[in-house]
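Only one chain comes next, encoded as structure tokens, the form predicted alone.
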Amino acid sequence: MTVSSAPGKVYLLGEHAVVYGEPAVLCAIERRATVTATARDDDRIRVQARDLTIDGFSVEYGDGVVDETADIDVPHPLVEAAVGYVDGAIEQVREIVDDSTGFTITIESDIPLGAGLGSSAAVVVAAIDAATREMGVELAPEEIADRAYRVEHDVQDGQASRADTFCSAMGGTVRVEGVDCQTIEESPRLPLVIGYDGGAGDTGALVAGVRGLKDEYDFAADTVRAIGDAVRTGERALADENRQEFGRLMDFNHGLLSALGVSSRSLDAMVWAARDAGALGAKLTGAGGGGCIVALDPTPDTETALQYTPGCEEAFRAELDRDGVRVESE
């Protein structure tokens, strides 16, 4: 039996624009997906998800899918995507190890599904690592990141970036621009607060919506480029440990994302609650449409304000996780 885990993430700056080759800065947070892989005596593969806000989700593979059940409390597109990520992770493992050997993998996660915190990337990264290790193969984190990206790229119809999977595999703070993925070794710890509305956005639909705007309107394409410019300016503020400037750029980034139609009433309400409480900056994180916001505040005021904001289901501190994918036990 092998147990591996991988962290979730927040976008500090740059989501959506990163799909078009603009830079993005992300950091891993101390919420993780954990995957247990156990070799079997037959060639079958069984996957069970115990906690992805999908209760009782299981898939068994043999001569095709022989069992697939889900008692769900999230939208069906998210379930279809979850199955796609599982399928993709299994395919990546089968490319590496002898396909005559079966295994069972069990997925547990404290990262909400579809909320903008990188749940799918963390699950795929941890699953590839746990299953290949159980089969006697150890992959470098960079290869795991690349293979996990291929899975997200397929599930999201070619509209994924490398950002989520690279951040989950490597941990810490990372910068992604096209195929150029780097860790930021000297990045300071930021006082981050997460607000979660209990919902989820459809990543594929939201990314496609931005693509449609960008293709139709020159000013939408300019908005995407402006997000990239905000990221580049934010990198300098981050290097200078200028929290005030970085927070202003987070606010600016949220406004640009709202203009592209990927925010929501609940996300905007949480963003404004954080700002009114004195946060240095606040923005949605991830694809949008629902899910999470991230705020920059060293005081307890933002977390308290979010707890009393209508539509906010949960508020918590997000500590930087410098570990990427890691083995919990073998």
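The first residue of the sequence shown is number 1, and the count goes up from there. These numbers were taken from a predicted model, which means no experiment stands behind them.
Beyond the structure shown, there is the form predicted together with ligand MEV, which is absent from this document and is the topic of what follows.
Student: Tell me which stretch of 103-111, 157-165, 220-228, 185-193 has a heavy atom within 4.5 angstroms of ligand MEV in the predicted complex.
Tutor: Within 4.5 Å of the partner lies stretch 157-165.
Student: Could you work out which of A287, A279, V294, A33 is the residue within 4.5 angstroms of ligand MEV in the predicted complex, going by heavy atoms?
Tutor: None of the others qualify; the residue that does is A287.
Student: Could you tell me which one of V25, A318, A315, V19 places a heavy atom within 4.5 Å of ligand MEV in the predicted complex?
Tutor: Checking each option against ligand MEV in the predicted complex, the one that comes within 4.5 Å is V19.
Student: Does N253 make contact with ligand MEV in the predicted complex, using a 4.5 Å heavy atom cut-off?
Tutor: Result no; N253 lies far from ligand MEV in the predicted complex.
Student: Would A200 show up as a contact with ligand MEV in the predicted complex if we use heavy atoms at 4.5 Å?
Tutor: It does not: once ligand MEV is placed as it appears in the predicted complex, A200 has no heavy atom within 4.5 Å of it.
Student: Looking at the partner-bound form in the predicted complex, is M170 within 4.5 Å of ligand MEV by any heavy atom?
Tutor: Looking in the predicted complex, residue contacts with ligand MEV do not include M170, since no heavy atom lies within 4.5 Å.
Student: Taking ligand MEV as it sits in the predicted complex, is V86 near enough to touch it, meaning that at least one heavy atom pair lies within 4.5 angstroms?
Tutor: Taking the distances in the predicted complex, the answer for V86 is no, it never comes within 4.5 Å of ligand MEV.
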